[in-house]
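The chain below stands alone and is given as structure tokens, in the form predicted alone.
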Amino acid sequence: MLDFTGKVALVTGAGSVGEGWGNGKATAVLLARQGAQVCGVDLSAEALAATTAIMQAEAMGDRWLALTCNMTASEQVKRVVDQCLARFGRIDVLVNNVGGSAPGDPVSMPQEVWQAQLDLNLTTAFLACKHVLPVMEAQFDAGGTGGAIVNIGSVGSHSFQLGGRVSAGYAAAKAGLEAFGRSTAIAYVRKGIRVNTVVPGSMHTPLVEHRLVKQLGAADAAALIAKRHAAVPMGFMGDAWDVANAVAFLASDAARYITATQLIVDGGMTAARSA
């Protein structure tokens, strides 16, 4: 078990659509279970309330701060960072988990949807880093550890469009997120700050039922899920805990010599496609 005792983690997208475990919700709970104080951020107060209920049920409520925020608005992001510092005094881990896909190619996708995809999947991470990096840098300059940033990417950034679905804006933004992570990692490598990206493949989270079934026009959710399981070389989709465990590793001291890289969590999908 990794030990995050004494560390503070800021996790964006820490709620979950509907019941079940989304990547951010699982990550927030896992880090808290491993000793961290966690500031969970989400656009939806309702989604955050479900995470809060789990934290309180597991007697971790005193180490949990839930804040609503539009992560595409810089002033709101700064407010969240300030509130996290006021409550916990520092930020050791930042998990950039805000994102979502919209279908469309360059012709069919309206420009406003394209821009919204870039803002949701890439600008949110930029703004979080803009306001958290100075905090981590100051911690390092004061003689402590800087921090660890983990972005949540997608195999969509590797031109892997699941089920024939084209999501040009999402693919471009997630590819940009990986490049942003590498560039930021090198910019801050001498400041004790590591930046890495977890790249999930086909995962079974509540978004499958709540978003993909509608986007793909699937009449039978069970059939869609079975098809997605069959497309993975391991024979099944991963879940939010597979992502959360990868995040926890990269955010932990066990990964102290790992920066500017991507950890693919996809059951072999990328390798099978390129073979």
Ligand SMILES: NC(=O)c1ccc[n+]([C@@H]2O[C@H](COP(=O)([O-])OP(=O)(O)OC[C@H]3O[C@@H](n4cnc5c(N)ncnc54)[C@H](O)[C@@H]3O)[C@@H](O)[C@H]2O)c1
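From a predicted model like this one, the values you see are computed outputs, not experimental measurements. Note that residue numbering follows the sequence shown and begins at 1.
The same protein has a further form, the form predicted together with the named molecule, not shown here; the description that follows concerns it.
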Answer key, the named molecule contact in the predicted bound form at 4.5 Å (heavy atoms) among Gly192, Gly100, Gly104, Gly176: the residue is Gly100
Students should find that, of Met203, Ile91, Cys129, Ala185, the residue having a non-hydrogen atom no more than 4.5 angstroms from the named molecule in the predicted bound form is Met203
Quick one: does Asn121 come within 4.5 Å of the named molecule in the predicted bound form, counting heavy atoms only?
yes
> Just to confirm, Asn196 within 4.5 Å of the named molecule in the predicted bound form by heavy atoms?
Replying inline: no
Decide whether Ala50 counts as a contact residue for the named molecule in the predicted bound form under a heavy atom distance cut-off of 4.5 Å.
no
- prompt: Is there a heavy atom of Leu43 lying 4.5 Å or less from a heavy atom of the named molecule in the predicted bound form?
  reply: yes
Partner contact check in the predicted bound form: of 27-35, 246-254, 66-74, 52-60, the stretch with a heavy atom within 4.5 Å of the named molecule is 66-74
Would you say all of Lys7, Gln139 and Thr259 touch the named molecule in the predicted bound form, counting a heavy atom within 4.5 Å as a touch?
no
Contacts from 247-271 to the named molecule in the predicted bound form (any heavy atom within 4.5 Å), listed N to C, are none
